[in-house]
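Here you get one chain, nothing else, as structure tokens; it is the form predicted on its own.
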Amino acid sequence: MQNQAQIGGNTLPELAQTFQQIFHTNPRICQAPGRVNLIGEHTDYNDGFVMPAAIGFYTRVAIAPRNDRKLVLHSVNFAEQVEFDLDALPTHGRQHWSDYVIGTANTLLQAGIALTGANLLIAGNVPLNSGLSSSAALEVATGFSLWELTGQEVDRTKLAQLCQQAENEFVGARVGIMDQFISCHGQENHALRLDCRSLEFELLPLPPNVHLVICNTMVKHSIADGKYNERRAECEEGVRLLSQYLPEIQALRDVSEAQFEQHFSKDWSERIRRRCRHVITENARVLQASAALEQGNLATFGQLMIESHRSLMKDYKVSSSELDVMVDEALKVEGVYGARMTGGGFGGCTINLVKAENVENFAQTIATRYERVTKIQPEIYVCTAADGASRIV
């Protein structure tokens, strides 16, 4: 079992010292967190509802201005340095870690943020390709530090939108707004219910007697391949078909379960029907889970998490055998309210809502059982909800 502060990365003094050794000046340091999604998966790009929490794993950017128009990027994690000209940035990614940085810089410039040349030292401890949003943490940390360096106040909602745009248009992953939004707006000890259309949100206190326990299957995934974009296209096809009967709808978020059952024809693709059914029922589950959390009804909240996983597994087809084993075994352990896959799927992590007094036993038990079934040694992270992006030095 690992606490969030124990997973890799550099301490602040070490990061500052490394920056001084490379760039011979003192930096300011900003950070942005990864996230876990408690419920509401694959609803964000359908204008729906989600309930993420920022977690205490971060990407940190040490930064100082330059006298020219260069962006010099040094990655601690990849032990690599690259340079770019702010006046001649690439227009699309090259499947390199710097894509998330340069894509974000591009969108900030296009939005009229007067960026200056800068040296950046980047270090992160968000587990990569695990569904905990290391990409959004990198984008938001980059965007926050570059914007903050101009002396202007950072508009957090605008920053989230620009970082999403960077991943959509520059990197090529058609992600929704959730990951970047929670990385900007997260609050300690709170989950956040977000309306992905209006961007209205409500912070929901998490009870102190439960912990968020993340179980990493150690099966890596990449949402920039084809599967994520394929699911989004399937949802768009569902909207097109349903709009023949419901011309006012703009996204699956606008369709009730009753309307869906009434209008979706049996002649249409079973695959499209299942994709739509997941999104429509998942939106309803987020609203029900929000009410349960406000009432302190963790049993109902946990049951909704379980129903969410079954829908992701059977209807949306984004789970994996390893994720299913992790969820099934978790639900056999004492003190577990609910468990489900979290993130884009096809590997990555599960999120588990566990009574505080049972956390240590849960972590040991689930690791043993998962490894016995899959022959893979997992990583278990015990988390608390964290604050969003900030300057820390």
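Nothing here was measured: the structure is a model prediction, and the numbers come from that model. Position 1 is the first residue in the sequence shown; the rest follow in order.
What follows is about the form predicted together with a small molecule, which we do not show.
- Under a 4.5 angstroms non-hydrogen atom cutoff, the small molecule in the model of the complex lacks Gly143 among its neighbouring residues.
- The small molecule is not shown here, and in the model of the complex it never comes within 4.5 Å of any heavy atom of Thr342.
- In the model of the complex, the small molecule lies within 4.5 Å of some heavy atom of Phe78.
- None of the heavy atoms of Ser308 is located within 4.5 Å of the small molecule in the model of the complex.
- Taking Asn37, Asn352, Thr43, Thr59 one by one, only a single residue has any non-hydrogen atom within 4.5 Å of the small molecule in the model of the complex, and it is Thr59.
- The contact residue chosen from Pro127, Gly117, Gly302, Gly93 relative to the small molecule in the model of the complex is Pro127, the criterion being a non-hydrogen atom within 4.5 angstroms.
- The chain is drawn here without the small molecule; in the model of the complex, the stretch among 190 to 198, 81 to 89, 228 to 236, 134 to 142 whose residues come within 4.5 Å of it by any heavy atom is 134 to 142.
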